[in-house]
Structures are given as C-alpha cells and as structure tokens.
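A lone chain, given as structure tokens: the form predicted on its own.
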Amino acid sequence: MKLEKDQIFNADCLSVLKKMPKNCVNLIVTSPPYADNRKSTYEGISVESYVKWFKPISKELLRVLKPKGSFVLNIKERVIDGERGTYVIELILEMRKQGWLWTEEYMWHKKNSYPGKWPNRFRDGWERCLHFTKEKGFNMYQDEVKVPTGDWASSRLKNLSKTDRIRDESKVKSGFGKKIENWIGRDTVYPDNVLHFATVCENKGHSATFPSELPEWFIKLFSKKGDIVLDPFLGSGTTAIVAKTLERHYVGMELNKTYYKLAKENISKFVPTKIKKRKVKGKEILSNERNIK
C-alpha cells in the first residue's frame, strides 16, 4: 500500500498497519482503549488478554516507524478488585522483547481530575505517557517545548554566593552539582517530565477525548514540519487536527464508524489560512491562524 498523507481509515488499525510500508512515519502518538473500558463502543479488551491483543499492533508500529522516530503511548492501569492491574508493566516488558527501547516515561497531571471518594485510594490525578524508540539516537527538538524560567530567577540570581559560581561539581562527587550562575540572562528553560494539562470536560462526541495540548506537546518535541504523525486509535481526530495545525501530516485509524465520521467532520472543519510570524520574549515563532467553519 502506498502511504498517502493526511488520511484516516475506518478499519482495524492492525489490518491497515500490515499494508503500510516500513519506516514510513516519524512519530506515533496514541491512546488505545484501556483494559475493560469503553465496552459499549469498543467491546472492551479484558485485562487477561490485553498484552496479547496489543503485541501484534506494537510489532507493526515498530516496523512502520522510522529509525529515529518516537512512539508515545498514553495509558493507565485500572483498579481491579481494589488492586492496580499490572498489564501495562507486562506490556512494557513484552515490547522491549520486540525490540522497543523504553526511553522515558512522562506523567500527564490532570489538573481537573474527576472528584470522588474510595475506601482505599484517592482519585486518579495522572496518567502515563510512555515513550518508546527504536534507537538511542532519536529525533528530539527540546527547544520547541521550553518553558518560562519562572519568578524564582529574579530573586535567586541577585546575590550569587561563591558556591553558586563553582563549576558543576557536587560535594559528594555525585555529578549532580548546580552552577546557578548558568541561569543568568535566561528567559526560558527545559521542562521536566510532568505535563500539567486539564482534561476535556465539554462533550466532544467521544467518551475518552484527551486534551489537544497533550499530543501538541509531543508533536513539537519529537517531530518537525512536514513529518508524518500516526495515531492508530484516532477517536474524534484530536491528534490529526493538532498535527495539521502544526504543519505536519497525519495518518489515522478508527475502528468505530461513529467516531470515524466524527473525526472526519472535525478534521474538515479545520481550514488553515496563513502562517503569521510573531515574537515572544524576543524569539520569533510561527503561529498558525485558522478559521473554523
């Protein structure tokens, strides 16, 4: 199958992936159905069979991903009879056997997680975003996700001690020393691996829509303009829309016919008009102006 850019399929992702050429996509960002969830729309995958179900999919994802590409998997173990399941951990181990490198784990902190009370735990305020790669030397554009330095800098950098100016060495020779002087004159810094995004509260026609900020952050970090972003569990089309907004190409699969139609409708509403340059703290960036019809 010849890979056509900017297209989605109403089909099982595994059947489509098998027809795609190898090494053809730059980034995969997705959130598959969680075990025993969404039974009314996806029939549900049992906890016992989840790893077995996902392994053929991850095998094909490994094949179609370019050598320096990345795979970001948003997933979270559910509670079963008062105990957290282990199927995500088991899946990670099996994917490593397939050849995946489990490079990093990002935490999505859900700033407005659903309130509730349970006898043996608190509400879920975070989800995993597992980062897998094929090689240790993968594409990563860290400057694209820098964050403001913060208010601490204005006061902390006023009066530097002798220690603050010492070369990056710690007293215990651990290699984790801090040279505070390095932060003088910097407006932005690299972020940590905890992402603070609110969940989608309004009705989007899909039962598990993640916020656009989530795929946006990873698309900026692991791809560049013109790259191809794949979401094998497209849902209402969020990943494709964000990819298009950021001037990337997209490929998506959605098994549910209702959600497929919704994704097509949502994507078609996005009409890019022009790219406008603007400056943020002296740095020129591009902002995509668009109309929603």
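Numbering starts at 1 and follows the sequence shown. Since the model is a prediction, treat every value here as computed from it, not as a measurement.
Omitted here: the form predicted together with another copy of the chain. The next part is about that form.
Proximity of residue 77 to another copy of the chain in the predicted bound form falls within the 4.5 Å heavy atom cutoff. For the chain shown alone, residue 213 is not a contact residue for another copy of the chain in the predicted bound form, no non-hydrogen atom being within 4.5 angstroms. Interface residue remark: residue 187 is not counted as part of the site for another copy of the chain in the predicted bound form, having no heavy atom within 4.5 Å. Proximity of residue 199 to another copy of the chain in the predicted bound form: non-hydrogen atoms within 4.5 Å are absent; the residue sits far from the partner. For the stretch 96 to 127, the set of residues having any non-hydrogen atom within 4.5 angstroms of another copy of the chain in the predicted bound form comprises 96, 100, 101, 102, 103, 104, 105, 106, 107, 109, 110, 111, 113, 117, 118, 119, 120, 121, 122, 123, 124, 125, 126, in sequence order.
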